[in-house]
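Encoded as structure tokens, the following chain is the form predicted alone, with no partner shown.
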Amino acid sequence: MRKLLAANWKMHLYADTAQALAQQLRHHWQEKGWQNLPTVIFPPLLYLREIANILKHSSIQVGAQNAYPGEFGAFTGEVSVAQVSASGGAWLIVGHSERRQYFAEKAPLLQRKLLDAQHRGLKVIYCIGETLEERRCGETLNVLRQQILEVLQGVSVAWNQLAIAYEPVWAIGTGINATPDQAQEAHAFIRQLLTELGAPASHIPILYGGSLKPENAHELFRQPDIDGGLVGGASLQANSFAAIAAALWDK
């Protein structure tokens, strides 16, 4: 099954509201019988262990929005991939546009994060996407090709521990989403590029991220190469995230 639904809570929620949301989601998934819908929650790192404990023995996994490659070291303020794993994290987001834009993360570091996470048994959602200026200049596919090749080419990637998230930067947090045709074109291109790299592309989930919400989820998920979503703002409310899950369940 290529389906995968991910909730990126970003830097939102306090501990009590995060715990309550996790409890609500666990209840929703059990009530709807969605045990076979692969789902992962990415809470703020402060709450990772708490959320992992709440969702223990459920079908919903937990991951980290960011981590530094390695186990220990003199890196003040960082949390390592090993510490994420020891705290109950099963997934890691790598290359999110906000990490690239606001924290100047480049391909060499992203590659180290991805490989170290997989080495330590974590699955990775690797994010790629173009800016508005790059889309207007007709550079979308070139940007996607570069971001894929500079991290995934020439190294030993565990393809069964990888998902790709296409997130058009111009759509994140703006309320504007790519049209289904635009999203499908990008997803099909990514799948073909993965095939060229020797990956089992037909088995790798490719997610859409960019103002995904209940109102557009059905239309986007009808596209053959859109396997799920990396959901931002709409994942902060149990009902809206569950509505997106229902759309994916029906795909």
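Bear in mind that the values here come from a model prediction, so they are computed numbers and not experimental data. Numbering starts at 1 and follows the sequence shown.
One more form of this protein, predicted together with a small molecule, exists but is not displayed; see below.
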Open item on the list: the small molecule is absent from this chain, but in the predicted complex, do Lys10, Gly173 and Ser211 each have a non-hydrogen atom within 4.5 Å of it?
Closed with: yes
Task: Which of 218-226, 186-194, 63-71, 203-211 sits within 4.5 Å of the small molecule in the predicted complex, heavy atom basis - done: 203-211
Open item on the list: in the predicted complex, does Glu98 come within 4.5 Å of the small molecule, counting heavy atoms only?
Closed with: yes
- [ ] Answer with yes or no whether Ala22 is in contact with the small molecule in the predicted complex, where contact means some heavy atom within 4.5 Å.
- [x] no
